[in-house]
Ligand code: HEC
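Listed next as structure tokens is one chain, alone, in the form predicted on its own.
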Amino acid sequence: MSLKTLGIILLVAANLPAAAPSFSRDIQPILQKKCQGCHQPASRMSGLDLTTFDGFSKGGTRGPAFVMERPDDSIVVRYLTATLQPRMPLGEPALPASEIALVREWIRDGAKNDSPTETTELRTPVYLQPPVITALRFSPDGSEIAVSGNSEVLIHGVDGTAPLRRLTGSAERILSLVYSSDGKLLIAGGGTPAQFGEVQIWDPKSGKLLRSTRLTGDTVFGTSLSPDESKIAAGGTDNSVHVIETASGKELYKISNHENWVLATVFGIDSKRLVSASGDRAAKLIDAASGAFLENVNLLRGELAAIARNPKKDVVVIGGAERLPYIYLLDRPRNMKIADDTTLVRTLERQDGAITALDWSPDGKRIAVAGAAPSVNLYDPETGEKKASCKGHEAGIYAVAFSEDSSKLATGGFDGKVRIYSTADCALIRSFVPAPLSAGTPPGRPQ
């Protein structure tokens, strides 16, 4: 191609009219990241659902969200520009002028819908096979267990007698679960891949979504609740730790000291510090009040995927691709060097596969280690001795949790079954598929 021809092409391109804003390409991503946390079917603040074009068009208690070709008369524009109060997004920085301009221009051009066929309501998921279990947690009173499903949290009675409760939200994946100490809140972290990461705060008894915070453009991992229950931390694919206020759901700060995905977080016993574990091999100690990085807890070895804290003191166990669980102190002796291994308490035995999940029993006497191998090993953290091995899974295990009285251990993973064991000897107490399977279940799948 001659320079003259190239120049003509560039000149023509420069004078072509800009493409008109698209709902699916330009407007919907803004709504997903900034607005859907409060305005989705599970919460629907002000009666408004912004997860679909139909919901956006219908509007809420104040009427239709927009008037075609009349941006200045459209409620959405008036809220975004603070002509109507309170300015939206509520409690967050104003949208950039460029994004507000896109919304205005899209409305001025006729507010056309170019999104795929959709429905305005969240549908209860239908399961043809057991879902891969990526998170589970006992309720504080030990009577129930919350389990991740597809776009929902499934709550079962531990003894199998209570009816199933289903907390259905807009996030396709739930990757971590944690209860408040009184059982009145259930925090779920997850999201929809390549779309948004979300922390959901539920009332698990009523099934009401109390608050939802969209944090990233992808799923979030390793959600944890501070012991004083004032803050929630979550790791992200943006190599950051996001900390939000429990009471409001407002993001307090973001910590971007990692060089890879942050897959696990845990607060110190006094809620003043936070530890994050990442694929960059580091477990980083963070000031939970300010978000300031303090130091690396560990000597860098393999990629990390899981962390758990002793419930009685500031000691953590970490693990990942290296297959070795390491127990570390969070407090370093004054005269020791930073970034050495002087805080290492002990190393547990090498596992048969990469470590994906860890938990520390509430009585402090056991550590559960799970991963790619189809069994969960229980260790005495004081001696490093293996006390039992919980077997029965058919594939990798992605979630483990002790009951509050430390007498039971729940596990879940790729084969889609929850298994509850006695921690005394790993005797199987109960196993079940947490999701109701439809009549079309493929033969040979667990029932």
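Please read all numbers here as calculations on a predicted model, not as lab measurements. Sequential numbering from 1, following the sequence displayed.
Keep in mind that the form predicted in complex with this ligand is missing from the display, and what follows is about it.
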Site check L348, I367 and Y398: each within 4.5 Å of this ligand in the model of the complex by heavy atom:
no
The listed residue (L344, L90, L164, L300) that reaches within 4.5 Å of this ligand in the model of the complex by any heavy atom is L90
Checked I107, V147, L80, A308 for heavy atoms within 4.5 Å of this ligand in the model of the complex; positive is L80
Practice item. Answer for G416 alone: is it within 4.5 Å of this ligand in the model of the complex, judged on heavy atom distances? Key: no
Would you classify S57 as touching this ligand in the model of the complex, given a 4.5 Å non-hydrogen atom cut-off? no
Open item on the list: Since only the chain is shown here, I'm wondering whether K34 would be in contact with this ligand in the model of the complex (any heavy atom pair within 4.5 Å).
Closed with: yes
(message) Can you work out whether R70 and this ligand are in contact in the model of the complex, taking contact to mean some heavy atom pair no more than 4.5 Å apart?
(response) no
With a 4.5 Å heavy atom cut-off to this ligand in the model of the complex, the contacting stretch among 71-79, 259-267, 288-296, 127-135 is 71-79
Residues in 370-385 that come within 4.5 Å of this ligand in the model of the complex by at least one heavy atom, in order, are none
